[in-house]
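As structure tokens, one chain now follows by itself in the form predicted on its own.
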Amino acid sequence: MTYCVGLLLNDGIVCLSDTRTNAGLDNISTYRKMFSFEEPGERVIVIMTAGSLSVSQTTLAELREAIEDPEATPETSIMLAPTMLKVAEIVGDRLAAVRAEIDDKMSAAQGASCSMIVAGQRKGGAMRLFLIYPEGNFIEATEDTPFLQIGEHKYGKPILDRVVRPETTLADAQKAVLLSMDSTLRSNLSVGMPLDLCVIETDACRVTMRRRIEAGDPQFRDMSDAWSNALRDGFGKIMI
């Protein structure tokens, strides 16, 4: 399993993913779950994946193949699509098709499933953030719910519900997603380091900050310890 989260804010988009793939206690591997496609200044698209590795890797491979196709059109290539809504439609259609193909090769009890978060902006358009379901349909982040999660999301959701608003700064947003991930790492062994973090500033149409956080990263460790101490202090001050 995995955990990925994306925030849609007035100042930009913040995305964070782990890299753990778990096929049993004796088969744990590290695979990147965040992928970016850029034409700097024109468009940027970030895709995060959770679920079946065979489905996600095949879907991404076919999306790349469509981009590189000399006969690519706005109907087939996410880098030619006229809007981010069309990007979400292309990704959803491709994800659903790949899932169906792989399901046909597997028994019903072993059906493959994968979900994705698609984030980005094209020049002249609004920044948008979508959650693509395994069936290919999708929902979009809004001002009322400015974040989307896939994978093991329940442990990291409470802090996002409490602190994330459209007006949240990019600095605070990075702190929020990292603390959300820290809570998940502590509670679920199927989520693991290293982490991939990226920021897309509004109207930049490119990834403006990219960071890989390895196990033992001192900045992440200090933040985790500070959060644990703050929770203990707050708990101790509550009277019943």
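Position 1 is the first residue in the sequence shown; the rest follow in order. Predicted, not measured: the structure shown is a model, and the values here were computed from it.
Form predicted in complex with another copy of the chain: not shown, discussed below.
Problem set entry | Candidate site Gln57, Asp69 and Ala100: all three near another copy of the chain in the model of the complex by heavy atom within 4.5 Å | Looking in the model of the complex, the three residues Gln57, Asp69 and Ala100 all stay beyond 4.5 Å of another copy of the chain (heavy atoms).
For this session: Find the only residue in Ser187, Thr202, Thr30, Thr208 having a heavy atom within 4.5 Å of another copy of the chain in the model of the complex.
Result: The residue in contact is Ser187.
Problem set entry | Position in contact with another copy of the chain when the complex is considered in the model of the complex, options Leu179, Cys198, Ala50, Leu63, heavy atoms within 4.5 Å | None of the others qualify; the residue that does is Leu179.
Exercise. Another copy of the chain isn't shown here, but in the model of the complex, which of 71-79, 129-137, 85-93, 147-155 has heavy atoms within 4.5 Å of it?
Worked result: Answer to the contact question: 147-155.
For this session: With heavy atoms only and a cut-off of 4.5 Å, decide whether Val163 touches another copy of the chain in the model of the complex.
Result: Yes.
Problem set entry | Glu38 within 4.5 Å of another copy of the chain in the model of the complex, heavy atoms | Answer no; every heavy atom of Glu38 is more than 4.5 Å from another copy of the chain in the model of the complex.
Exercise. Using 4.5 Å between non-hydrogen atoms, is Asn10 touching another copy of the chain in the model of the complex?
Worked result: No, Asn10 is distant from the partner.
Problem set entry | Heavy atom of Arg212 within 4.5 Å of another copy of the chain in the model of the complex | No, Arg212 stays farther than 4.5 Å from another copy of the chain in the model of the complex.
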